[in-house]
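Listed next as structure tokens is one chain, alone, in the form predicted alone.
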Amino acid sequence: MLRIKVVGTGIHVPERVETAEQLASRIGRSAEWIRTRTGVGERRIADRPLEEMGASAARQALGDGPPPDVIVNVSTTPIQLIPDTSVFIQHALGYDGIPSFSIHATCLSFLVGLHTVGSLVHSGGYNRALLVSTETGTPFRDLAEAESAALLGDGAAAAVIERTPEGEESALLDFRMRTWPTGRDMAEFRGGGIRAQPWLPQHDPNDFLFRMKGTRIYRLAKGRLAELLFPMIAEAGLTPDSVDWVVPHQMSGPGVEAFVEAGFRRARLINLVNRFGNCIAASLPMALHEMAHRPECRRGDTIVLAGTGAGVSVACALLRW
């Protein structure tokens, strides 16, 4: 158990909306196909640079409190390979001298960052940590691969973590993660690294587009996530029906709906897919921000955080709000 508390959350939602109808002709499918297959009715398209989106969400999360003593970028889409995206976020926030780095675990980046940085906060290594996930994946959609192109959206979210004060119960109660490299080809962006060098004769421009074998990754991840999730809540003395909130990575409409099929309450499941699509790593903290601002949300509530990522990786956590 990590005695940490999420003291603030923030979100940035771009103003530009792209509906299923607007995307349909570009990918050769109907709007109804997009909604039925992916659950996405519309998504947002980035209207500002990546670091400004992240800084906007971060300012909301920080509120009137003091600056953080560490800034951690928990995103998938980078501004460039070097320097790290967290440096640009710090600059956009107007800070100087704060240690900044990234934790990259594809769509699970925020959840892995919460556990990793939370461990440092719990141990006293940091007092006030800012996690920022800012994603602009829509420019890298492969429009010839209709299912993945219909999923992605842009957005940003942030959270501030501090050590839980004495007398309060907020805590990260459990965290579990597994990775199966047999799924390493199921969700890929090959460009940007040493594998696909743009100056080589065999360079393929399509390496700079996102590709995903959606059906295969869903089948593998759904079963593997259940193997982690149900023992975790059972060991905490909970059942799906007694968990206060479920905050998943917004992988797809069917992926989020699977939690209802598993026995979790629909009224306490945060589902943003229809409005925002899959905003990669930002989708889970965007959903957490949504939960935190629901009038029914109370300190002491139990929250399941869960998701999947390229690799294939699955992870889940139990948070006492």
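When you see a residue number, it is the position in the sequence shown, counting from 1. Everything numeric here is computed off the predicted structure, so don't read it as measured data.
Note that the form predicted together with a further copy of the same chain isn't included here; everything after this is about it.
Peer 1: Counting non-hydrogen atoms within 4.5 angstroms of a further copy of the same chain in the model of the complex, say which of 243, 105, 232, 212 makes the cut.
Peer 2: So the residue touching a further copy of the same chain in the model of the complex, by this definition, is 105.
Peer 1: Would residue 127 sit within 4.5 Å of a further copy of the same chain in the model of the complex, counting heavy atoms only?
Peer 2: Answer no; every heavy atom of residue 127 is more than 4.5 Å from a further copy of the same chain in the model of the complex.
Peer 1: Given that the partner is absent here, does residue 100 sit within 4.5 Å of a further copy of the same chain in the model of the complex, heavy atoms only?
Peer 2: So residue 100 counts as contacting a further copy of the same chain.
Peer 1: Taking a further copy of the same chain as it sits in the model of the complex, is residue 178 in contact with it (heavy atom to heavy atom, 4.5 Å or less)?
Peer 2: Yes, residue 178 lies within 4.5 Å of a further copy of the same chain in the model of the complex.
Peer 1: Is there a heavy atom of residue 237 lying 4.5 Å or less from a heavy atom of a further copy of the same chain in the model of the complex?
Peer 2: Because no heavy atom of residue 237 falls inside 4.5 Å of a further copy of the same chain in the model of the complex, the answer is no.
Peer 1: Just one stretch in 47-55, 266-274, 24-32, 290-298 has heavy atoms within 4.5 Å of a further copy of the same chain in the model of the complex, so which one is it?
Peer 2: That would be stretch 47-55.
Peer 1: Give, in sequence order, every residue of 69-94 that has a heavy atom within 4.5 Å of a further copy of the same chain in the model of the complex, or say none if there are no such residues.
Peer 2: Those in contact are 76, 77, 78, 79, 80, 81, 82, 83, 84, 87, 88, 90, 91.
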